[in-house]
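Take a look at this one chain, the form predicted on its own, written out in structure tokens.
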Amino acid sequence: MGPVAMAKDPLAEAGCYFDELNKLQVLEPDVSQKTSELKEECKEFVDKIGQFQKIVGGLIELVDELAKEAETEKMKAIGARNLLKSVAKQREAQQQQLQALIAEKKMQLERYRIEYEALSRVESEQNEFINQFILQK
């Protein structure tokens, strides 16, 4: 064994190693490489989680918007239904008023018919009286 090999062994036994840039490292080169790979994978994982959170955040915003729109449409539908109910009640009240007016007008018509018949009898009696009076002269 050469002097360099012998120098590396005591360092390796002490837990020190040289990397590819001849820097002194505490970790074995394999462990150091695996640690770097794990660090990169963790960074990628964190980036993907960040992207996922953005996507989920956008989805939540979209769902909230849709919920607000649905609530607005629901309120409009309730308002329209209430308006229809009030219009139906108004029409029912108008119908009752018109039926009462019709009944009143029918009673008035009946009074006018009775009065007309009475006046027609009086006219007929007066015409008969006039005709008898003229014939007597």
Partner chain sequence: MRLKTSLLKEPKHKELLSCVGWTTADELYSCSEDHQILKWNLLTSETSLVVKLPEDIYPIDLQWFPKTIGGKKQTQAEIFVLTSTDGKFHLTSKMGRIEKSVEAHKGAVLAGRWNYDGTALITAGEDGQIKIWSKSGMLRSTLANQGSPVYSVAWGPDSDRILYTSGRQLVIKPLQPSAKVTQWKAHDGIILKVDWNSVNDLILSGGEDCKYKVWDSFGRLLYSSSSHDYPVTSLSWAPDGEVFAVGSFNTLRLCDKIGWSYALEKPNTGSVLSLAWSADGTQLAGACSNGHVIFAHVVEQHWEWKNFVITLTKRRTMQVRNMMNDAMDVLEFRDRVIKTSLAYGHLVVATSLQCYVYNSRNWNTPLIFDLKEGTVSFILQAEKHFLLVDGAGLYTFSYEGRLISSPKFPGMRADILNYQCVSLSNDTIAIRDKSDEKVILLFDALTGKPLSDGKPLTHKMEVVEIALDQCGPSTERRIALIDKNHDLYLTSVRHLGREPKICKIGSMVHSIAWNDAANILCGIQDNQFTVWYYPSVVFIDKELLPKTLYIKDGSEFSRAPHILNYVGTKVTLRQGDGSLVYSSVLPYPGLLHEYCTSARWEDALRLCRFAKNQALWACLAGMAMAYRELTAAEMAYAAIGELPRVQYINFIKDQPSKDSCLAHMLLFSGQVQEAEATLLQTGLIYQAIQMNMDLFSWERALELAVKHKTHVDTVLAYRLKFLQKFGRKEKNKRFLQYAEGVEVDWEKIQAKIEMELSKEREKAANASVRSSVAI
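Positions refer to the first chain, counted from 1. Nothing here was measured: the structure is a model prediction, and the numbers come from that model.
What comes next is about the form predicted in complex with the partner chain, which is not displayed.
D64, E104, E71, E44 - the one with a heavy atom within 4.5 Å of the partner chain in the model of the complex
That would be E104.
Here the chain is shown alone; which of A100, A80, L38, I60 has a heavy atom within 4.5 Å of the partner chain in the model of the complex?
Checking each option against the partner chain in the model of the complex, the one that comes within 4.5 Å is A100.
is_contact(R111, the partner chain) in the model of the complex, heavy atom dist at most 4.5 Å:
Within the cut-off, so yes.
S86, heavy atom within 4.5 angstroms of the partner chain in the model of the complex
It does not: once the partner chain is placed as it appears in the model of the complex, S86 has no heavy atom within 4.5 Å of it.
Is there any non-hydrogen atom of Q53 lying within 4.5 Å of the partner chain in the model of the complex?
Contact check for Q53: no, nothing within 4.5 Å of the partner chain in the model of the complex.
Consider Q96 of the chain shown here, and say whether it contacts the partner chain in the model of the complex, taking contact as heavy atoms within 4.5 Å.
The answer is yes: Q96 has a heavy atom within 4.5 Å of the partner chain.
Taking the partner chain in the model of the complex, which residues along 99-133 bring a heavy atom to within 4.5 Å of it?
Read in sequence order, the residues that approach the partner chain (within 4.5 Å, in the model of the complex) are A100, L101, E104, Q108, R111, I114, E115, A118, L119, R121, V122, E125, Q126, F129, F133.
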